[in-house]
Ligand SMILES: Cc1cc2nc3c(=O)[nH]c(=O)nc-3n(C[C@H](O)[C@H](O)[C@H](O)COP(=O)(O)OP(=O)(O)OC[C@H]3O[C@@H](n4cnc5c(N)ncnc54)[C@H](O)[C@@H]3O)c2cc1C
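The form predicted alone is given below as one chain in structure tokens.
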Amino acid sequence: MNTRSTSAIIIGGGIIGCTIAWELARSGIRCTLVDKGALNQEASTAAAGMLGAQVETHHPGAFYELCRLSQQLYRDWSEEIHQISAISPQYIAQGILRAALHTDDEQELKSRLPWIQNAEWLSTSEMLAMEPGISPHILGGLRFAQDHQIHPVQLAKALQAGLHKLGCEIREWTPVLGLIERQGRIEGVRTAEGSFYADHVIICAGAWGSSLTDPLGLELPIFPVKGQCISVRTEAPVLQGTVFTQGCYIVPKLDGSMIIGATQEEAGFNKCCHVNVVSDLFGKAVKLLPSLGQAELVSTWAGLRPGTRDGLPFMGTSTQAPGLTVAMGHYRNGILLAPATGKLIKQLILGEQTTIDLTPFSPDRARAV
């Protein structure tokens, strides 16, 4: 393929859309990135930035392999973005401790040991030796040494700066009103600023994406799942790395703050934070890390994650909409899955063999979901 004469329109300027634009632009494809608002103002920058390929996967299978692929790509990918953009995404190579506070949680964690990669069971004393501030009432837990973290806001800034340097055309505040179909193939988008055409149209519009695919007969059951988070700060650091328990995680950042997250609520497109929900989340965090009871509250916020009923993202092409490539429904793993998604979609666009089989993530599976 002669990439110099190949063009692509990417709908959606979240972390997935920006990453796909990054990979395509790096391959010489002329890219236009369009978003209904400003780039990375929805779920992407509402995240905590855990790269939890192991800690957030509960069973083996295609999704776990996708997470592992992305995790393996992450460090080099973030360094490349840093070099080109001159902005650090703040990649931190510090593992995650997943603590059990109840016997049922302890049993569930131990049940992962036969198949999970890069995990080890630690006793209560071993956990406390690594993180003295956590509750002595934990029943032990898993250590995931390869589950690192990144700062979502810094990553978003770095990607946007890098896209400018790569010559990607960015159109913010440009809602896509519909997809243009000619002779049975998707060839462009309609916006309030006019129509735009390209060789490839890629939709990465998160929780809003199905409104564009439904009129084509490609019904993708993607829905918003609200996640409320909290940022706090203590007078001195109380954590070395990320700690996680059932229903709550605490992620320390380089600026001294800690992000506590996150709830999971199907509440439509409402992004309001609620006192009772935030209070319950903070209560779980204090049970895990008691010193947070004296922490300073910095802020609260909510993001809308794009959920799917089977928990798998939609990635690939569909017989219902030739010319359209889909990359949506990454739920709470958009930050983690960005490098793998960008690479796999680039391979599809270039006509290459994909690194992993995308059949489990096919948009056409929606008919059976």
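Predicted, not measured: the structure shown is a model, and the values here were computed from it. Numbers for residues come from their place in the sequence shown, where the first is 1.
Below: the form predicted together with the ligand, not depicted.
Novice: Which listed residue (29, 340, 48, 315) meets the criterion of a heavy atom within 4.5 Å of the ligand in the model of the complex?
Specialist: The option sitting close enough to the partner is 48.
Novice: Quick one: of 231, 174, 90, 135, which gets a non-hydrogen atom within 4.5 angstroms of the ligand in the model of the complex?
Specialist: Of 231, 174, 90, 135, the residue with a heavy atom within 4.5 Å of the ligand in the model of the complex is 174.
Novice: Residue 64: heavy atom within 4.5 Å of the ligand in the model of the complex?
Specialist: It does not: once the ligand is placed as it appears in the model of the complex, residue 64 has no heavy atom within 4.5 Å of it.
Novice: State yes or no: in the model of the complex, is some non-hydrogen atom of residue 208 no more than 4.5 angstroms from a non-hydrogen atom of the ligand?
Specialist: So residue 208 counts as contacting the ligand.
Novice: Evaluate residue 144 for contact with the ligand in the model of the complex, applying a 4.5 angstroms cut-off between non-hydrogen atoms, and reply yes or no.
Specialist: Close contact is absent here: in the model of the complex, residue 144 is far from the ligand, nothing within 4.5 Å, heavy atoms only.
Novice: Residue 36 versus the ligand, in the model of the complex: is there a non-hydrogen atom within 4.5 Å?
Specialist: Although the ligand is absent here, residue 36 would touch it in the model of the complex, with heavy atoms inside 4.5 Å.
Novice: Please determine, with the chain shown alone, which of 160 to 168, 78 to 86, 283 to 291, 200 to 208 has non-hydrogen atoms within 4.5 Å of the ligand in the model of the complex.
Specialist: So the stretch in question is 200 to 208.
Novice: Would you confirm whether the three residues 16, 43 and 227 all fall within 4.5 Å of the ligand in the model of the complex, going by non-hydrogen atoms?
Specialist: Affirmative, all three are within 4.5 Å.
Novice: Where, within 312 to 340, is there a heavy atom within 4.5 Å of the ligand in the model of the complex? Residue list please.
Specialist: Stretch hits, in order: 330, 331, 332, 333, 334, 335, 336.
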